[in-house]
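For reference, the chain that follows is the form predicted on its own, supplied as structure tokens.
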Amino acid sequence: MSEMRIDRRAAMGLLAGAAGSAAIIGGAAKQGAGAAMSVTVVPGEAIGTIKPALYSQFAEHIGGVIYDGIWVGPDSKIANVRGIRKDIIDHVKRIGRVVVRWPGGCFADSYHWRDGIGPVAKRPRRFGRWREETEPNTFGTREFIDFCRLCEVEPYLAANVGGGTQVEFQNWVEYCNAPAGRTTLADDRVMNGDPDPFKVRYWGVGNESWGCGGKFTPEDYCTEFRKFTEWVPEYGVPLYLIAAGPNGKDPDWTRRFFKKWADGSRAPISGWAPHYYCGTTGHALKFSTDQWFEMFKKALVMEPLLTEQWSIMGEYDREHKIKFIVDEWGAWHPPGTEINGRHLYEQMGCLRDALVAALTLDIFNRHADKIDMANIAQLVNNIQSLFLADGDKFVTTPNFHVFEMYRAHHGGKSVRIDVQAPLIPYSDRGVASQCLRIAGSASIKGQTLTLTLVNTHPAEPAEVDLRIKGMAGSGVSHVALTHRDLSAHNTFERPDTVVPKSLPFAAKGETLRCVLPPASVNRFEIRLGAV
């Protein structure tokens, strides 16, 4: 297949005419000679509360994520607050009160937290794990907590199981959370400039323990988890302890871990952390129509991953007290689009990646009863990042705009939706396959319904009948993220190439007609009322 170069101006013109005349209609929408498409929202079938933490982030010591991305130093000419890039602070605030995971990733299982405290000039320089870079430890625990406080987000610390000890982990908890004057470690924190406890709730006990986190068997990792979580001090902070889940679906890892965990010595677990990268189909910005759909088909694997893992966990945790923490997910394209060669695994995020993000966030919303947190990888200057930064330059990616659009879901009650739309056929490396045409999620807060929908078709708008079962809708607003170029992306020179835009919508009643642009992420906010 040739690279995707569809000129969608004609389709966008059709959209403009349709959107301008959107109105209440009766009966089913007809999509030319094709099948009618509809979305029915069922307010009476609640799933669970959509926690802001489902929209969380990940910041690892790798390439340009911390140094150049987040940390520029207090003496930098780049605008900063106590060394933290000001642009990062301002924009992270816009995605809500989420959680940020640190310091890894694979880096966490070689990181000794004491290296990152005390006077910066006296901190040791260590092997940084990635490409044999030197880790200066300029950005340590205090700097990360400062970053979280400035951004108004919550910290999530990943502990070193692969190369550390349970005592080291417990000491880190004590250093962070013990009240001033209570212990020597608390006194050390005060001496380092922080009299108030950090009150860190979220603690990851290892990372990818099947791989870079120690290459454990599930049984051996369960044994380590037990040791690390025994007698952990709380100091008035209820700890949320997270166990390293499988690589992708991998039912064997999950079943064997929980079988060992349930053998009579059940250690405290709050969250189970599977990782899933939908990978790539080749180049980040050059892809065929088939590769466009293949990327989405891979992203949609997240849904069966959650349901299958949930079923296995339920065999040993019948009340489902343990929830998912999907603390690494996203697309991962090969090298070639870095803005800075030092930024390891950096990639340029385009419109296709934004649709991957939206499809995934909608899955999380639809399973809000199962998930307590999810962390896209990574925040800045890496794989599916929200931001790119290089020196004094900074830009938001299309991924950021999806997260900001979806902020309206935070704290809402997720409700079931029924989508009726034809599947789109494509060739997956010579094998006939199909991809969803439309997917989405819905939530209700007070009298406001937020509905997010993705139209995966690269060239055709989708006319959709929207029904709200048992209720009427009015005052509809429609915001869409799209572009006629499917590989469109934001650059330092052109930061507003892919940004959300409001579309006209004038309708009310039980059935609404909405028009989704081609290749688009859409958010509708609807005022609910009685029929």
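Residues carry their position along the shown sequence, with the first being 1. Because the structure is predicted, anything quoted here is derived from the model rather than measured.
Not on display, but discussed next: the form predicted in complex with a small molecule.
With the partner omitted here, the stretch from 80-88, 419-427, 100-108, 400-408 that lies within 4.5 Å of the small molecule by heavy atoms in the model of the complex is 100-108. In the model of the complex, at least one heavy atom of Glu328 sits within 4.5 Å of a heavy atom of the small molecule.
Although the partner is absent from this view, His457 stays clear of the small molecule in the model of the complex, with no non-hydrogen atom inside 4.5 angstroms. The small molecule in the model of the complex is not approached by Tyr235, whose heavy atoms all lie more than 4.5 angstroms from it. Although the partner is absent here, Trp310 sits far enough away that none of its heavy atoms falls within 4.5 Å of the small molecule in the model of the complex. The contact with the small molecule in the model of the complex, taken as any heavy atom within 4.5 Å, belongs to Trp130 out of Tyr240, Tyr276, Trp130, Phe169. For the options Leu453, Ile117, Ile383, Ile363, the one in contact with the small molecule in the model of the complex, meaning a heavy atom within 4.5 Å, is Ile383. Taken together, Glu60, Asn207 and Gln378 are fully in contact with the small molecule in the model of the complex: each brings a heavy atom within 4.5 Å.
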